[in-house]
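Alright, two takes on the same chain below, each alone as structure tokens: structure 1 and structure 2.
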Structure 1
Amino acid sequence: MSQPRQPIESGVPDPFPEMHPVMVKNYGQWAWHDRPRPGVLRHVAKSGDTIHTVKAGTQRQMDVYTVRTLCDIADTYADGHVRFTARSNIEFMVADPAKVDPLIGALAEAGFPVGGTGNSVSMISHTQGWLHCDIPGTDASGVVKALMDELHQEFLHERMPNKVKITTSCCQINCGGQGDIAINVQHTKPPRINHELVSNMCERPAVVARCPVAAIRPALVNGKPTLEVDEKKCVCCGACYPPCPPMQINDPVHTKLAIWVGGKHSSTRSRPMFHKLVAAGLPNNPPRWPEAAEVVKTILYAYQADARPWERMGEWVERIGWPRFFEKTGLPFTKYHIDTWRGARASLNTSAQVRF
């Protein structure tokens, strides 16, 4: 008898050993699905078997106590079968319909809201911020906490024209990705260089290579090897800071937040879209970021009031036009909102739908 292939540390893992038995039994044989209530999906197989998926929101950064609490709930109501989504929701797979309502009650009692399905505001995806990232200009997870406190009811209910994906990013490299609404940090000044420390702390070729716009070059200051920045080229992204902390760019005055609108990863109904800048220079004002939260709510509720059913935010803006968008939201329009950059016209021709 041949020996089974040994596992390797690459490739896609086999999902079946960890999959719910009802899902394994009916794999590829599902007949239909619906949403009995916000936060709950019901899938019905051709065999008549059903499985309910209950989605609850969690904080992105979880301590051991929180994880154990969620696992205890899963053991009691879902036979231990849970999974986390890309936006840090937790989904419980329940084969017994009688356990759905008790599960929702247990989650509510433990402080985990059930929702995020259908035409609602999903949990916000974000980068690591001050906890893990090495170049954050703000705490993305803190912005998420503040925003979801403000938008909690829109997670619990499905009353948006379509799903709304919100992202945050703690630097201008934008690991948060494209979103209907995105909150990104905005450095407004080039890095300040401590030339006394560069030669001892920085591998200068690595710093030069890290700059996406070739704005950094070697230099000598007071006889010591260091670096200098061409401020005409610098886009203030902060990428030089991790390999060289003496190139400090975070600043309590000149590091701001910017709001972007209309991004979309999927090709459902319309092509993928890049989000566009609509508000800049907002105070990076922890711990609640009230100015950024107010702009996000203004955009969200203008979209809710005016968009047609099933229009994503970018589709709504394309239909009414950007001048009308700024009228409806009351946001100021400046020369910095005019997109004149054409450098990606060739490199972004990478799908059947993104064409120039």
Structure 2
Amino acid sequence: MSQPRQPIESGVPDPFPEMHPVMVKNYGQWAWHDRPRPGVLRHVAKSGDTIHTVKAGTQRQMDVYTVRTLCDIADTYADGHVRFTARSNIEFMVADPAKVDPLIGALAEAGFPVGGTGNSVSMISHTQGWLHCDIPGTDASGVVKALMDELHQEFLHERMPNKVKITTSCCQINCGGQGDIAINVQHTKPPRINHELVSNMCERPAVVARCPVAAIRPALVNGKPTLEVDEKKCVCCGACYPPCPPMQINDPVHTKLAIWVGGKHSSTRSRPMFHKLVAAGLPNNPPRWPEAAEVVKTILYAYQADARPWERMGEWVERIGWPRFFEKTGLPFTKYHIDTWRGARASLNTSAQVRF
């Protein structure tokens, strides 16, 4: 390479040149909004200006042809501007309400579902997985595609008690975050250690320090410095694997999926909540993960049938109680549901209140 080019440290680009002109003009001056139909938002500014937003699902991992198709639609049927949501939905903004229907038609024709607004199941937020991650137990893109095929109608319609946010994560670090329903990898066996490679590839004290239960200790195997795991202590979290790839945690059989419910980031009504484990031991079964999909649908439709308007999944369970949750979903309650980690006491029932 010749003279290296110095980077221009420009940081986050200015959004205003990219933004729809009606949004630029009324920035910070909006008055109210409503949803004329699922997948469409209408925002009205104090100036009287109106903007309609049509929201559509994407596959997140997009080829340039897909991106260009979306651009063609934006140029022909919208005003040449789009934005993406945190859950990889695409939004087209139009100043002229007459453009909404043709835009929806064009999106439907090109295979992009219009929805994800209000009380619907929005796009599942997902991580990288086998396609690109260095530590994945499963493939997030595949799980999400399979699940969204199953939940497609719930994306198109607003017929849940409140919004349902589903997340996936392909390792136990859980980059996917909290969800009303979360589908996460759960390892069930300690790492398998390739002792030949440990001393070359791993900074051993750092790996020892990484383990949340202090199960790792230095060892000598065949005269070589390596690490060993106290398998009675190990909680199979996989935290040792990223800093030490020879401690292989992923396993075609013993890496399972677990389902968690009731996570909520918003401070709306109730405080934010962490999702809670409700099912585990589900096979990591590509390409369509039918067992995990079945449990997700069971929970989702139990919630739909029983929750009151505006109740998020976690709020619904708090009202009806966990005994009813397990009864309504038919999921088994096991000793693994009872927390043993630090602070576990706060999750126990320390009252005389019981539900039957």
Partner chain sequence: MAQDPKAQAPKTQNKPRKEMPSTPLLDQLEDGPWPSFVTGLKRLATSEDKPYADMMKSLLGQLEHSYQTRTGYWKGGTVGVFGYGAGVIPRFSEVADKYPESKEFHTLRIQPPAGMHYRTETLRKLCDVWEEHGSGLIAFHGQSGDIMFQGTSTEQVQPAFDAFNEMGFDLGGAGAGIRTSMSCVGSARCEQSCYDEQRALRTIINGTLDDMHRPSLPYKFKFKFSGCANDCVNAIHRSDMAIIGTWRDDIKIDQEGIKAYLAQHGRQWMIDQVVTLCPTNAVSLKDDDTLTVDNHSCVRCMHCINVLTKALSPGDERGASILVGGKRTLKIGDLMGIMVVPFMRLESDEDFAALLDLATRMVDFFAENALDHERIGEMIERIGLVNFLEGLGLEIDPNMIAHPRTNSYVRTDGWEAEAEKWTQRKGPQAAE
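Each residue is numbered by where it sits in the sequence of structure 1, with counting from 1. Only the largest set of C-alpha atoms that superpose within 1.5 Å between the two forms is called the rigid core. All of these numbers come straight from a predicted model, not from anything done at the bench.
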Open item on the list: Quick check on the two chains I just loaded: which one is the form predicted together with the partner chain, 1 or 2?
Closed with: 2
- [ ] Establish whether a shift of 2 Å or more occurs at the C-alpha of A74 between structure 1 and structure 2, with the two forms superposed on the rigid core.
- [x] no
Open item on the list: Once both forms sit on the same rigid core, is the C-alpha displacement of V235 at or above 2 Å between structure 1 and structure 2?
Closed with: yes
Task: Did A280 shift 2 Å or more between structure 1 and structure 2, C-alpha, core superposed - done: no
TODO: Keeping the rigid core fixed, work out how far the Cα of P245 travels between structure 1 and structure 2, to one decimal in Å.
DONE: 2.4
